[in-house]
Ligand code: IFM
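A single chain comes next, written as structure tokens; it is the form predicted on its own.
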Amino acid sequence: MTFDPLWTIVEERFQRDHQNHAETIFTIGNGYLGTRGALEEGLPGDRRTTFLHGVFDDIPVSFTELANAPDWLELYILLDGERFSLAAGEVLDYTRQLDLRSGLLTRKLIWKSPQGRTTRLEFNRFASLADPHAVVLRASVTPMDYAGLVEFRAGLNGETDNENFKHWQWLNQTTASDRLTLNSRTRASQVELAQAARLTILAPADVQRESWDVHNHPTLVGRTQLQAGQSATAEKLVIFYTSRDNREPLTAANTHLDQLPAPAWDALWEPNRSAWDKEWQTCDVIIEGDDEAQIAVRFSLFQLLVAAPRKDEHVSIGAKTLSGFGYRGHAFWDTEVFMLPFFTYTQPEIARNLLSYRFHNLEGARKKARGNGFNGAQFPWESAATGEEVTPSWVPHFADRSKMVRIWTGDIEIHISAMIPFALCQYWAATGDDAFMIDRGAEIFIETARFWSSRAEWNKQAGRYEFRDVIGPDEYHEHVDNNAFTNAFARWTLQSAIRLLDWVEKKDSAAYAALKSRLDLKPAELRQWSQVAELIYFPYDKETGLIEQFEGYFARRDIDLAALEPRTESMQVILGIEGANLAQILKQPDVVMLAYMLPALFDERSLRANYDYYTARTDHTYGSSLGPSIQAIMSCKLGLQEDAYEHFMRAARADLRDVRGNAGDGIHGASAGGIWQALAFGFGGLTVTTDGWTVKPHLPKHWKRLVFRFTWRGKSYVIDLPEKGPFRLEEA
């Protein structure tokens, strides 16, 4: 099979010290599950994980997290009595490739064993996009300079954990000569998982088969004799079902396995490839003149696509997608603000599922609001299965693991309760999905407006409403008052809720009456929202055009970031948590983010003034992975293409080059989504409103062509931007 370098992520040599990073990069998935790129045969220190959407489990007293499923990847190979392992012997040739066009992960190598035998091996795997319950791998073995017995051991290992806790309890298992099952259940959440596996071996000589009924680790074994130059291929097919998708997951898994031929590779491969072709037809981006940017963009979109729930509206995409232990699978505002626009404008059905997750979990947000003494719904900073707050209160200090650091984001980082309504409006403007806004969106708006109205504090002396003791998007600064981003979006939510309800009443009076009755919405409450919105404090200096990020920010210590270059650590590490808090240094610039999301608040003068001021004080490389893509968009809007490209590539390299040294924890999903926004809304200059859309491109000088796709009101469009001259438009 020939691989296109503009569609392929390549590891050209085995680097053991970088395997956790490589495992993240080579994650595969299908929107139902995700599997990291760990080696089939295992390696000391690897992080072998498969996560299934929505399968969370609690650690007593501490937190909840996605439960690492029993390991389906396990395939041990014995070559004439020697166990194949890259921790031993010598690797003579090696390459690993992820084909983004089809989701196929391939590894080819030549291995010299400790006893001097040389073997050619090839591994292939994919998670079927067309049949999301099915994952399959195959391994081919060719002795090059010896003859001997080759043995394959394919197990389902239920002894997996999350590096801190074992979530799965064994229920039962079965073994036969060519197939096995493992049935498990999470300890606290009681989600049942069934895996059914089959091992098929193709070889020139007879194959001896047996099974080992090891408790919680059933294993299939196949042995065959090979002469030098002969090959044997083992295919391991595994079917996953949980009690979230079927009342009898074990029966479903066995039935599904029975319906697939042996071997099943060809039967699964063609539908998978066809499904991926359809995916890319809706969202592929073409960049001519910059191969690094091209492959980075496709990699980012691939990682979003493999994590996107296509048939489940009760799950979201966590900050680390389904690719690692980072943030324990929890969903943040990363989903609605950074990832969701990609789906809203390319696959709105997926965006609808992700927004529905928030609707189904409204009760969790209501519970948080009640617990904090507020009305309505206060969405959690970190959300899991139920929509309740799951942000840990304490975590080990990044510099001294013996110390604990208090985490305040779950308590006072409240702007997320405006981000979900904002994402709803963006989806509505792009799709015209009136039914969704009436049936689900309006209730979210009412409940979040209630929260903001009750959370606002009246300052009698100043004659204004304020929001004190908060954290804005810039998490270097905690316990601040009147964060500009937070205050502006509180006002926006209240005003938008009033306008939306007026529209609902005119559009569907019966639905409006039912909504008012069910949620006990009174005219006096709407008047209160209007009053609060009108009097919310917003810090704007008419003389300079500057918006103070929060009250007292300008009085904090100013530091010349440029004078500290070069550096390899974040400013929070250099200054310490408290030192960064007392300085003007930003993890990400709240006001620049605000200018992107609510551009009507800025005229040309204030936009440039705030961009210049806050850009100079932002820790772009080692701060937040969320910032660079938005910075790129705003640079484009100001005609600063060189700056825009620098910020864009900072985002594009975040995971592929492990810029922050933490890619081993999983994909930076927000950065991946922000990359698409930078292309469409920044370089492409796409502007979308309820009335239509326009394009005003800002291409980097060395780009010869940019092509991107988007949908608006049920129609798909292709924007083709040449280096010179007007853009070309064709309806897809």
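Note that residue numbering follows the sequence shown and begins at 1. Computed from a predicted structure; not experimentally measured.
As for the form predicted together with this ligand, it is not shown, yet the points below apply to it.
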Problem set entry | Answer range among 331-339, 241-249, 443-451, 525-533 for contact with this ligand, defined in the predicted bound form as heavy atoms within 4.5 Å | 331-339
Exercise. Counting only non-hydrogen atoms and a 4.5 angstroms cut-off, does Lys368 reach this ligand in the predicted bound form?
Worked result: no
Problem set entry | Residue contact check: Glu388 to this ligand in the predicted bound form, 4.5 Å heavy atom | no
Exercise. Taking heavy atoms only, is Lys587 within 4.5 angstroms of this ligand in the predicted bound form?
Worked result: yes
Exercise. Does this ligand come within 4.5 Å of any heavy atom of Glu151 in the predicted bound form?
Worked result: no
Exercise. Which residue, Tyr327, Tyr553, Phe123, Tyr427, has a heavy atom that falls within 4.5 Å of this ligand in the predicted bound form?
Worked result: Tyr327
For this session: With this ligand left out of view, choose which of Leu156, Ala139, Ala319, Leu304 has a non-hydrogen atom within 4.5 angstroms of it in the predicted bound form.
Result: Ala319
Exercise. Along 63-77, which positions have a non-hydrogen atom within 4.5 Å of this ligand in the predicted bound form?
Worked result: none
